[in-house]
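One chain follows as structure tokens, the form predicted alone.
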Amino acid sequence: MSQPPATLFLVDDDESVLRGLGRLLRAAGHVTKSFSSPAQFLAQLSGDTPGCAVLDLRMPGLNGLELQQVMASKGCHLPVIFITGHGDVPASVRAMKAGAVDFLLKPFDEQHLLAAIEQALRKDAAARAGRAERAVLHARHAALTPREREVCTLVAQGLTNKEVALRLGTTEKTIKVHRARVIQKLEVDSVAELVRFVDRLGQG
């Protein structure tokens, strides 16, 4: 299934800023969607579209920092760039600690904004690829039986077939059968790959 194009979600209550920002970013070749309020943006929020969010800091209702929190609470992982005419150090620190890519003061340098957006899009693409890979790993691991998961864990810890058999109270021959099935279901070619698989699974 084809993925929708990366989209820049612009949220600013100042219509003139929103229009200017949209023109600038579209001229640079980006797809944009503009929202004049956080509520309008949240009503259409979907984590399915790749891209990033460019948020004004000071808006009526939810401010930019609060909107960033709501996005996170809804499982929206879009990278965020803040733009503001009222920034201060505590606000910028709070934004960056929450994962913002950049915090730009108006009037900002256009090239700086475009560079921040490119960084945000790369970050989003990498995060999506990582989540997709982990989903595949979890699906393969979920196909193991409870006994095969035990064998998988112990083999990944470096135990031999004999040691695994002793630990689980069965025969070495039985463990060899389970181990072969584990390797087949996880689609790995060796114990070394199985160890790396379990490590990546744990990172998810």
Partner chain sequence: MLLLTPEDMALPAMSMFVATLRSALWEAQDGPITLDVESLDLGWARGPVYTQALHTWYLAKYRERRPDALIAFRTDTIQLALELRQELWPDIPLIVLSEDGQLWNHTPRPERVAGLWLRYDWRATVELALRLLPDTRRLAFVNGSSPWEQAQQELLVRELQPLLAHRGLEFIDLSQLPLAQMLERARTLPDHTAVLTYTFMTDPSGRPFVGREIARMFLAASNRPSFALHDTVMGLGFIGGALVSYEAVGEQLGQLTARVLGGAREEFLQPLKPTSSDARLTVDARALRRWGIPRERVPAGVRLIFDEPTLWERYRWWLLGALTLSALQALVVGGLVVERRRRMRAQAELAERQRLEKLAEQEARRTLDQLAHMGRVAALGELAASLAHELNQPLAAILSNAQAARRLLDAPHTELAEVREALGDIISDDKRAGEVIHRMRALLKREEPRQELHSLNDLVGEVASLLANDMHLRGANLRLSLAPTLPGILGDGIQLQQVMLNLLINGLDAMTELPEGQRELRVGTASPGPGQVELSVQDSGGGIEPSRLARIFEPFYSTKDHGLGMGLSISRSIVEAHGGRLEAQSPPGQGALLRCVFPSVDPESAHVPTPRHALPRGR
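Numbering follows the first chain given and starts at 1. All of these numbers come straight from a predicted model, not from anything done at the bench.
Beyond what is shown, the protein has a form predicted together with the partner chain; the following relates to that form.
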Exercise for review: Could you work out which of Leu168, Leu42, Ala28, Ala156 is the residue within 4.5 angstroms of the partner chain in the predicted bound form, going by heavy atoms?
Suggested key: Ala28
Review point. Which residue, His77, Lys106, Arg122, Arg131, has a heavy atom that falls within 4.5 Å of the partner chain in the predicted bound form?
Key: Lys106
Review point. So, Glu163, Leu194 and Val198: all three within 4.5 Å of the partner chain in the predicted bound form by heavy atoms, or not?
Key: no
Revision key, fill the gap. Answer among 67-75, 110-118, 91-99, 123-131 for heavy atoms within 4.5 Å of the partner chain in the predicted bound form: the stretch 110-118
Check your understanding: Within a 4.5 Å heavy atom cut-off, is Arg58 in contact with the partner chain in the predicted bound form?
Key -> yes
Review point. Is Leu21 close enough to touch the partner chain in the predicted bound form, meaning at least one heavy atom pair within 4.5 Å?
Key: yes
Practice item. Find out whether any non-hydrogen atom of Val17 is located within 4.5 angstroms of the partner chain in the predicted bound form, and reply yes or no. Key: yes
